[in-house]
Structures are given as C-alpha cells and as structure tokens.
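Next up is one chain by itself, shown in structure tokens, the form predicted alone.
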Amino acid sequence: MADLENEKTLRKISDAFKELAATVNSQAVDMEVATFSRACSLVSPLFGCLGIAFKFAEMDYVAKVDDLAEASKSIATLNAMLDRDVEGNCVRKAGSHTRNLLRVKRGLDMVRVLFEQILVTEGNSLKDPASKAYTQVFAPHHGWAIRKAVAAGMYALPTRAQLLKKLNEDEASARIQMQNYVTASGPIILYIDKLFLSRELGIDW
C-alpha cells in the first residue's frame, strides 16, 4: 500500500482490463489464467482504500486472486481450468479454482457498478454508490450477519475526495480511468459468465 502514493492505481487497472477486453473481443484466443489473475491483482488495493465496509471483500478477493495466480503455473487458460474442475467433479467445492473464479468475477463486477455509480452521482459521499454496488452484486450471496456488518461499515467509507487522494488521482483523470474500466470490464464479466453457463454450471452460487 505504501507505493500507492507514486503509482496511478486506476490507470494500471484500466490499462490491464483494456488489454483483457481486447483478448475477449478478438475471440481468437482463450483468456490466459496468468494474464487474468495479474489484472485482477491490480484491483486489490482499491478494496483496501474503501475501508472497513469492504474489508471482508478485500480479504476474500485477494485470497481468491492468489489462488488463480498459483493455478496459472500449471493451467494455461480459464477454459482449461474449468474443464479440469468439471472432470474432477469439484466445481462447487470450497477452494476449487472454478468457485474462486466466480468470486473474483463478483469482485470485478462490484467495482464496475461502484465506478458506474460514482460517475453519475454528484457530491462527495461514496455511501450511495457503494451501497448500490454492494446491494446489486454481493448482498444476494451474503447472510444477514455480513449484510448488517457491511451496512454499519458504510458510515466509515472515505469521501470521494479522500478516495481520489488515496489513489493519487484528480477528478478529471479518475473519471476517464473509471469509465475505461467500466467499458472494458463488461465484456470480461460476460465472458466469464458464458464459461459457466456454457457448461451449465450456473452463476448464482
């Protein structure tokens, strides 16, 4: 986290996801686990910047991305990774790469909705954008206790200005990078959903 001051986290995220989106849109090659997990790891500091409300998401997301990075040493593509878990009959088991991929995708989706909401919301509070993102993406999969803890944590969110300062961004550049991520992440999230749906694995578990 100490390096955040000198690094443009949002730019790195949007650049990495633009590259991933280009892979998806070309449809010529399967997405590599290594490239995907590397891009996802760039998103991790963002959860940290959101404070206590998203602490659970940060810890869960980081652990799952680490697992995918480890998997990339022996598995080349996301397609192959899912096929291996299907063959091993362990898709839904805790700790399976496929289950972890679904969780990581949810993290990416949450950030996408958060950025969308920040872009259309006036004012300095992040409570509304963060609440909408959480409710839309994570809440359906969480029990009452986690939902209650997150609701309490929303009061400790940084302001928009504090978040931009943590990310070393000004409003104008942040808007550009957030929009880039929103645009790029859409096809990637869709691609992952299709990997699950084409194997009839479902995405609501």
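Just so you know, these numbers come straight off a predicted model, no measurement behind them. We number the residues from 1 along the sequence you see.
There is also a form predicted together with a small molecule; it is not shown, and the following applies to it.
Relative to the small molecule in the predicted complex, residues 56, 114 and 146 are all within 4.5 Å by at least one heavy atom.
In summary, among the residues 33, 167, 150, 43, the only one with a non-hydrogen atom within 4.5 Å of the small molecule in the predicted complex is 150.
This chain is drawn without the small molecule; in the predicted complex, the residue among 68, 178, 39, 50 with a heavy atom within 4.5 Å of it is 50. In the predicted complex, residue 160 stays away from the small molecule, with no heavy atom inside 4.5 Å. Proximity of residue 84 to the small molecule in the predicted complex falls outside the 4.5 Å heavy atom cutoff. Among heavy atoms of residue 130, some come within 4.5 Å of the small molecule in the predicted complex.
Shown alone here, residue 154 lies within 4.5 Å of the small molecule in the predicted complex, counting heavy atoms only.
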